[in-house]
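For reference, the chain that follows is the form predicted on its own, supplied as structure tokens.
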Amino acid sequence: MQARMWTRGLIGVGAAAAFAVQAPALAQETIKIGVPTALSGTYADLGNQAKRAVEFAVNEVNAKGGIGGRKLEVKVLDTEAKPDVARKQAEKLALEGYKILTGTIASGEGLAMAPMLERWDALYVVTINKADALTGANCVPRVFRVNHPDEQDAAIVRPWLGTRKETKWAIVAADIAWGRNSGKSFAAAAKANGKELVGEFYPAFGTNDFAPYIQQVKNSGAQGVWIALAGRDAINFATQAKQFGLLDSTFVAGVSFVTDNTVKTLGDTSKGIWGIINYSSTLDTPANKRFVEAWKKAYNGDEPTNFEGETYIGMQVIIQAIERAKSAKPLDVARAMSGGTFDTLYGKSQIRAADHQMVQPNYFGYVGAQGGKLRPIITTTFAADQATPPPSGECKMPKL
């Protein structure tokens, strides 16, 4: 209204020029967050969790007046968890002004997006991708990771595996970047603990029939099996493994396998399965307690899942970085993130300048009954310095 009143008294070219000066400022009032994520296919459940977490964080900030008076706006596009689709959808978002990207599921998607970020003048905050390469050999200045990569998970698998009596192990992991990476990490941990690896099996992403792989695990003589499957793959495998007796005859553990949502779907089938717990609604920190209570009010008493918690942490970092930069321009936000320490659900957490990986604690546990329902229960906490290996040296991070 003020702009219209001001220009009303001007005439001709002068008025047009004055309005043109004002237009870009008006267009930049909203801070745009883009979420290229899987809303269909094998990882649709995970994508909807990421979407929910971003929307929750945005609503929370907007209810307080935004950031510096600027409201946040979200746009979500379906990637189907396919790298080529993720690249196209992320580019579309960036071209529409949604240049701060987050919430993507599969590591292959993140690896496809990363090399394009500078061209798009965009920024990508990883909250779910686990492949080490994103903050390792394939690192780029505009990618930051707040979740746990495979190397952080491997760091706690090694000491945990040393406590297990099973000597012969098999691996079942999705035949995608994350699954292969996780399998490699577990194999290294097994070797370090003197365990024998009797089989490695990599079903295609989106497999419906796991029977051949389950039978091969049973035939291998494995006493324990490490699973790196998520979403619908995890549910299908666990259901069929129960039917074929694998869960009753073999010790089963994994990563991203028995999450809050898969436990809810599988019920008693998931009981007793062990695994890495990257985030839990039961974390005993003041910030997490506040978050969980607010989430339960927003979502009819439901507690946040691990992927929702980790994606919310990503939004915490994005919001604080924008506040510090006093700008929502991707390069300004990236400079505020690199080497910065942020308040998160875990406590204060630093994003290393060397590789843009966040240093954070990690957890191990099993599925059991707590508070009247089945859920992943943390039994062991690994402090941030123990759970986060130093930079590998593979990342040659250019200066921002």
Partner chain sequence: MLLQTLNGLVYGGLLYILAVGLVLIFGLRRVVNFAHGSLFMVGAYVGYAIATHFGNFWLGLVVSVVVLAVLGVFLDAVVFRPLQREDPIVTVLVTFGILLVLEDAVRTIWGKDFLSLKPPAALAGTVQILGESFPTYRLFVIALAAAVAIGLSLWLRMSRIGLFVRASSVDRTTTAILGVNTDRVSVLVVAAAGVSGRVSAPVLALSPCMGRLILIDSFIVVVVGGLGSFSGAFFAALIIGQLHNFGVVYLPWAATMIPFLLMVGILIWRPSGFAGQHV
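Rigid core: the largest C-alpha set superposing within 1.5 Å between the two forms. Note that the structure is predicted; figures quoted are calculated from it, not measured. Positions refer to the first chain, counted from 1.
The form predicted together with the partner chain exists for this protein as well; it is not shown, and the discussion that follows is about that form.
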Query raised in the report: Would Leu95 show up as a contact with the partner chain in the predicted bound form if we use heavy atoms at 4.5 Å?
Result: no
Query raised in the report: So in the predicted bound form, does any heavy atom of Asn219 sit within 4.5 Å of the partner chain?
Result: yes
Query raised in the report: Any of the heavy atoms of Asp355 lying within 4.5 Å of the partner chain in the predicted bound form?
Result: no
Query raised in the report: Any of the heavy atoms of Val359 lying within 4.5 Å of the partner chain in the predicted bound form?
Result: no
Query raised in the report: Pick from 158-166, 286-294, 81-89, 224-232: which stretch has non-hydrogen atoms within 4.5 Å of the partner chain in the predicted bound form?
Result: 224-232
Requested in this report: Taking 4.5 Å between heavy atoms as the contact cutoff, choose which of Thr282, Asn138, Thr265, Ser327 touches the partner chain in the predicted bound form.
Outcome: Thr265
Query raised in the report: in the predicted bound form, which of the listed residues (Thr269, Asn147, Gln320, Thr250) lies with a heavy atom within 4.5 Å of the partner chain?
Result: Thr269
Requested in this report: State yes only if every one of Leu39, Asp209 and Phe244 has a non-hydrogen atom within 4.5 Å of the partner chain in the predicted bound form; otherwise state no.
Outcome: yes
Query - Gly136 C-alpha relocation of at least 2 Å between the shown form and the other one, rigid core basis - result: no
**Report entry** Rigid core superposed: Ala81 CA moves 2 Å or more between the shown form and the other one
**Finding:** no
**Report entry** Asn306: Cα shift of 2 Å or greater between the shown form and the other one (core-aligned)
**Finding:** no
